[in-house]
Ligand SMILES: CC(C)(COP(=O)(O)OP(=O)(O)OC[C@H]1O[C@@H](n2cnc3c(N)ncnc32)[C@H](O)[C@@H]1OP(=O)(O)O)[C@@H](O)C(=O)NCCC(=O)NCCS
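Only one chain comes next, encoded as structure tokens, the form predicted alone.
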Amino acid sequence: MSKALDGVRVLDFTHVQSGPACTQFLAWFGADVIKVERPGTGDITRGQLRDIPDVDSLYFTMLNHNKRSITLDTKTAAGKAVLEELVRCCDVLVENFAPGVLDRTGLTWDRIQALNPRMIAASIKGFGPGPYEHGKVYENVAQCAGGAASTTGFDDGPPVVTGAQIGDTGSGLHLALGIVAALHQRTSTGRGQKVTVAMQDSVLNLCRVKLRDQQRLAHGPLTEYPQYPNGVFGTSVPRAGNASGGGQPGSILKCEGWESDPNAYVYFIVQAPVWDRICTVIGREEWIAHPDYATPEARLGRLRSIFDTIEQWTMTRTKFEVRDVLNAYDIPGGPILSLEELADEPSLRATGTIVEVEHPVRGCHLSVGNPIKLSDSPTVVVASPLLGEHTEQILRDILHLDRNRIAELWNAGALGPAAEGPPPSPPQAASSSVETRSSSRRVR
């Protein structure tokens, strides 16, 4: 079956998380992603947070599915020449280096255009043009600079970053969308273009409801926030604890077993259209028509006591029993699921959101699959490449170099130290075609 991005070739200069997340999405959709790595070390995350000695870390494997790896020393003349030939043969170049690094390699936008005017050059940086643009940025810095941390946590505590990687993977998602849009535009213009994403911008985009609230704040207190009616609102959007960001009051409530299980909780939303059902479920039918509770406006000043009462009910049931009751009454809410529970969830396995991947060295391990489902382009998750695993394959099949020329490149140090020679063939060695490689390492 054909894939959505069949025929698209991506030159991947990314590392760590934001860039690899972007190129992994492109690879999942069928693009041939060629990961260019430094000989000997490769992407720094290969060695970060290792759980098994001398094996690529899960940090690396979970961000580099379905890619091919080539080692290339672009500081050598021969390596730089190979790089430029790859630029001529590819559709997209993706990088997330610090500002100016790519230019210093000689791959300026003008040079890229001279080599391949159809090339789409895509970049992730920490910040856009302005006073912050040269700052070094990681996930949590992006969350803090993009508005997420200042609005996360409880009002009487410090700013808090979220466990979701909205700075890194969030930026990668934004860049992937920009690349697909640029590829579509190229079909009519014939020209490549630059695509840029700033991590600060991506986080701010994901915090748009908070920017909405910043403007609402100028016209009075934010009534859906727990600070209302007795708290104090300043000039900036406050931290709202576990309140819902959509205007429907919500809170995290204890369930049976909370004393010993840190995740025995449920998120419960007091949605106005189902208020009568909520009252029925918790045994407070008298609240349905009572003037102190009957309308959303009347309930606003009593939300804390309302949630306290609901919690007395949720504490008599497990979070899954609460879920079942809420679903039966069409009341919005759901259990707090741990990563352990998510990893074992059969429905997520069935849809390919959680997958088992067979790695040639690590063996079978869990990973997150493609969350975007295309009916005509199903994703087959393939193990991340070993360092330099496809070096000779890429030189042979894309640049059409013969065995002698490839040997010359090894001897010149273009592909790594000359004494190192070609990388050993891994178990379940890939054939010369990407499709065959994919079928040899399918998800179980």
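All values derive from a computational prediction rather than experimental measurement. All residue numbers are counted from 1 along the displayed sequence.
Not on display, but discussed next: the form predicted in complex with the ligand.
> Non-hydrogen atoms within 4.5 angstroms of the ligand in the predicted bound form: do Phe29, His184 and Gln193 all have one?
Replying inline: The answer is no: none of the three residues contacts the partner (heavy atom, 4.5 Å cut-off).
> If we take heavy atoms and a 4.5 Å cut-off, which stretch out of 263 to 271, 136 to 144, 319 to 327, 276 to 284 is in contact with the ligand in the predicted bound form?
Replying inline: It is 136 to 144 that comes within 4.5 Å of the partner.
> Among Ala176, Val237, Ile166, Leu72, which has any heavy atom within 4.5 Å of the ligand in the predicted bound form?
Replying inline: After the contact test, the surviving option is Leu72.
>> Please tell me which of Phe97, Trp258, Tyr293, Tyr228 lies within 4.5 Å of the ligand in the predicted bound form, judged by heavy atoms.
In response: The option sitting close enough to the partner is Phe97.
>> Quick check on Cys207: any heavy atom within 4.5 Å of the ligand in the predicted bound form?
In response: Taking the distances in the predicted bound form, the answer for Cys207 is no, it never comes within 4.5 Å of the ligand.
>> Given that the ligand is not shown alongside this chain, does Gly250 nevertheless sit within 4.5 Å of it in the predicted bound form, heavy atom to heavy atom?
In response: So Gly250 does not count as contacting the ligand.
> According to a 4.5 angstroms non-hydrogen atom cut-off, is Thr23 in contact with the ligand in the predicted bound form?
Replying inline: Residue-level check for Thr23: no, no contact with the ligand.
> Is the gap between Gly126 and the ligand in the predicted bound form 4.5 Å or less for some heavy atom pair?
Replying inline: Yes, Gly126 is a contact residue.
> Are there residues in 7 to 35 with a heavy atom within 4.5 Å of the ligand in the predicted bound form, and which are they, in order?
Replying inline: Phe13, His15, Val16, Gln17, Ser18, in sequence order.
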